[in-house]
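Next up: just one chain, as structure tokens, the form predicted alone.
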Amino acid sequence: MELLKRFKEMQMKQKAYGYVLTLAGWDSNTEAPRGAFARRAEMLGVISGELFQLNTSKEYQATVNGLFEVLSDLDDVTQREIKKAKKALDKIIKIPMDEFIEYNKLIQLSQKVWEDAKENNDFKSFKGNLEKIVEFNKKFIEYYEIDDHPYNILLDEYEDGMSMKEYDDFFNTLKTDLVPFVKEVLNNGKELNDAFITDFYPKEKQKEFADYLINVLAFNRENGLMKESVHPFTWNTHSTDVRFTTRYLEDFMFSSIFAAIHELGHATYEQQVDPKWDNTNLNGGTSMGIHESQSRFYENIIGRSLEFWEVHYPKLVEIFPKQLEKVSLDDFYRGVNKVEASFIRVEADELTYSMHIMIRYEIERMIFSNEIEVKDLPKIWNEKMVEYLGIEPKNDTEGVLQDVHWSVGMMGYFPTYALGSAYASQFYYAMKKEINIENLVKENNIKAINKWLKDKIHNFGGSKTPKELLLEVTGEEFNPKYFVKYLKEKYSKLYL
């Protein structure tokens, strides 16, 4: 079909532009000199403009709309591609090109502004950029002319089919079934021998252990690499170029360890997507929630398990003999699962993590319901920290400025973090019926776990929706009760 051939040709151009923009994003986050950002924003604005013109050209519109009209004549995979392309097209053609370019320049510059604001504890210096980002998002949503709540439109961008109703039901389950248990652990849990956690761990030695973890989790170094960044993240354009970062805090070694394992979860997912999807718009993970389920699975269910540290704690002691010489395996295991009300989301424990996400979800919900303004954020943030975790940030650096997401326009993304943790638990109980996860971890056979996940989840890329995957793998629709069950089983043994 000539129309389909033309669609594929234009799709390859889209991917080429996207590759350049994503590569520049990787560079921005890892090693670009700070003085380069203004010029970078100008140049990337040009490329963004070229991509916008391609994505909104009359030829592309005619091709996508033409294929959409004959959808029933196409195979299932191509139908999915065209539906996805049509959904994106119907939105982007509503946005004026000059506003699209201006917005892309804004988010290119805003990350640096955020980094400086965070370092200097200066929300006011970031407030203007964030107000513009929110204003653009609200304006774009109006352009879309979709008859739905503005925040639902953003939520659907990151998790197909998820809306405030589903998220409200999910978070209400956590409030009812999990929050009382969290408070019980925080107030009555057994004390830990945890002084070692904040000892001094030289950065170079931490890098050595992070590099060791790459081999443990069987990450393919030929098709990927690890670097350092202010905020850990995973980057990819296809299955043979997958990169991730971690960060090193010399007074908190767990930050680098679990950021590395977390990002290796994302990276493993991307490496295990079938290469046949690389030249389609179904490449990569199917959604942010499913993606997060994989990173949380590796970080928490594997990386914070006793079986994992029975194997790998000796290596850590070998690297840090002075710091860990008097720390038993049991104390270390309990230490990596320490529960406390803490300020920083990326360093939060597994049990309280979802409380951090509820705060962000409720704030975003209020912003896009026009209940609060950007200037209100520090106050609202601190109030919600007190409400859910009983602590109040001393400053905005450990409060409202701690996350990078809003600076790059990622509104509606945060809820997928908690959703991913819940998905991971549901996958975990399904996996336990087929393979002995704990034994495989104890045997240091992560490859077998990787294979199960590849066969059941990773291999399909975006060719299945999150809901389809969850139903096929677990036999059920999304059920947050598995998440509550997993956490209660694990932390009752550890603390009560």
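Note that the structure is predicted; figures quoted are calculated from it, not measured. Start at 1 and count along the sequence shown; that's the residue number.
We do not show the form predicted in complex with a further copy of the same chain, though everything after this point is about it.
The closest heavy atom approach of K481 to a further copy of the same chain in the predicted complex falls outside 4.5 Å. Contact check for Y17: a heavy atom falls within 4.5 Å of a further copy of the same chain in the predicted complex.
Remark: E31 counts among the residues lining a further copy of the same chain in the predicted complex, judged by a heavy atom distance of 4.5 Å or less. Using a 4.5 angstroms threshold between heavy atoms, D278 counts as touching a further copy of the same chain in the predicted complex. Residues with any non-hydrogen atom within 4.5 angstroms of a further copy of the same chain in the predicted complex fall in just one of 425-433, 57-65, 44-52, 455-463: 44-52.
Between a further copy of the same chain and the residues H356, H262, R243, H291, the one pair within 4.5 Å by heavy atoms in the predicted complex involves R243.
Checked against a further copy of the same chain in the predicted complex, the residues E443, E69, E468, D27 give one hit for a heavy atom within 4.5 Å, which is D27.
Although the partner is absent from the chain shown here, L23, A36 and K227 each have a heavy atom within 4.5 Å of a further copy of the same chain in the predicted complex.
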